[in-house]
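Okay, so here's just one chain, in structure tokens, the form predicted alone.
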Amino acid sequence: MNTNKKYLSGYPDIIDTLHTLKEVIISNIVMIGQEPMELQVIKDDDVAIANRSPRAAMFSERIGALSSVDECTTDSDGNPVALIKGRSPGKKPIIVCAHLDTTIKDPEDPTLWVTDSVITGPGIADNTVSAGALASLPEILEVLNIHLESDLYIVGLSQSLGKKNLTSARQFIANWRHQPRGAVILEGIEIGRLNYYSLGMVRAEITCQIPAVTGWEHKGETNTIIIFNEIINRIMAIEVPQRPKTRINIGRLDAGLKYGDTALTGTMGFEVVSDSLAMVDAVYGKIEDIVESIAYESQVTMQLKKQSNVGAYSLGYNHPLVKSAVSVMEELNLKPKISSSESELAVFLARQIPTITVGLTHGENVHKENASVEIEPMFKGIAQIIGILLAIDGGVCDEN
């Protein structure tokens, strides 16, 4: 392993230079963030040839126009991919990526508002700020006069969240022919975030429907809210071990239409997370039994369906990439906040690609329409990306 630590120097100058690119970075954030995420059919002479996200198309347009980008294309799964060729073609490539979608599904007003200190609007914290910073990366590297030895692939992942179940990352990695040198995944917040491991996780949704009637027949009788209450009680009675550490999170419940009418339909979302994927499967199996038994007992239609899942993987705190990232953060006076991430990270680690996830800035109201991120910390957040890429390019992920 190369022990050169040049990546730990020069940050004041890097941050000063990033400030000169403030308008470019914010412009990319706003233009990408205000585009719809949903797939739209692309046609050639009225023949459908592909599904493309307008947001992904904007990402490609912004990054593909830069002279420092050697190639820019969209892969078969709709992911925009840009290439900056390195000085040593024989070295393995480096990947830096961010998901382009957000938890807010194409809001009626996608406007992002910019002031001197913050950017506000739906999806900005997760993950539009990272998408804009990623699209700015080639210009940032050019202005900083940084030329990597490795090829650098910059990837926007267009379908990641919720029911999409990390589809973009899974397909991108599945089609990757050569083992990358290392990878960095960008998330909007919080700056100092450092993920190098993922827990086993399954997210699922339970739907409940009382047999079709006018509603009056069930007045005062059981309804989906009462049924979900019983499901929750039984789920909470499941014994989960401290080792392997396991937890059940019930995060969403939606049922009923009016205060005075019986709730005839409803959905409930939950996740099971554990150090052990076997324990995740065991707990999920118990929840399957609970749902099936209550469906029979209450004579209602119920369905349990997995929405997303990942395995349990870890790069390990002692890995040189993790140690290097910690050193970069400390050089920038950032305190590392280490936790798991059940996201694209697991997909990369499953392929034994040295990978970490980092955050870019501070933010509030993350998954709300009025989400906001702070502009000033973003420059340190981008500087850390530069440092980590230089560390990978310097050999911290290479075998002895």
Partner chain sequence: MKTKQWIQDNTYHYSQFNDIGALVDKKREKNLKISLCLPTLNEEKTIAKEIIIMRSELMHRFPLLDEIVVIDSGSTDNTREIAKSYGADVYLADDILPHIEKFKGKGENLWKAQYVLEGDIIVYIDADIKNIHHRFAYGLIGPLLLRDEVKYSKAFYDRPIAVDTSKLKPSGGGRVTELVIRPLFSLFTPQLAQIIQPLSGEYAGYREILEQLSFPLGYGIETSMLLDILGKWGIDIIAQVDLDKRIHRNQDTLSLGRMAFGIMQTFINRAEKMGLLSVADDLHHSMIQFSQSDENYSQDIHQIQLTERPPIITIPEYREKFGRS
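Positions refer to the first chain, counted from 1. Keep in mind the model is a prediction, meaning the values are calculated, not measured.
The same protein has a further form, the form predicted in complex with the partner chain, not shown here; the description that follows concerns it.
J.: Can any non-hydrogen atom of N28 be found within 4.5 angstroms of the partner chain in the model of the complex?
T.: Yes, N28 lies within 4.5 Å of the partner chain in the model of the complex.
J.: Check whether T111 has any heavy atom within 4.5 Å of a heavy atom of the partner chain in the model of the complex, and answer yes or no.
T.: Because a heavy atom of T111 falls inside 4.5 Å of the partner chain in the model of the complex, the answer is yes.
J.: Please run the contact check for N365 against the partner chain in the model of the complex: heavy atoms, 4.5 angstroms, yes or no?
T.: Output for N365 is no: heavy atoms all beyond 4.5 Å of the partner chain.
J.: Consider E139 of the chain shown here, and say whether it contacts the partner chain in the model of the complex, taking contact as heavy atoms within 4.5 Å.
T.: Result yes; E139 sits at the interface with the partner chain in the model of the complex.
J.: Is it true that V24, L66 and T115, all three, sit within 4.5 Å of the partner chain in the model of the complex, judged by heavy atoms?
T.: Answer is yes for this spot.
J.: Of I375, M37, L349, L332, which residue is found within 4.5 angstroms of the partner chain in the model of the complex when only non-hydrogen atoms are counted?
T.: Partner contact (heavy atom, 4.5 Å) among the options: I375.
J.: Based on heavy atom distances of 4.5 Å or less, which listed stretch (103-111, 72-80, 145-153, 194-202) is in contact with the partner chain in the model of the complex?
T.: Flagged stretch: 103-111.
J.: What residues of 249-266, in sequence order, lie within 4.5 Å of the partner chain in the model of the complex by heavy atom?
T.: If the 4.5 Å heavy-atom criterion is applied to the partner chain in the model of the complex, 249-266 yields nothing.
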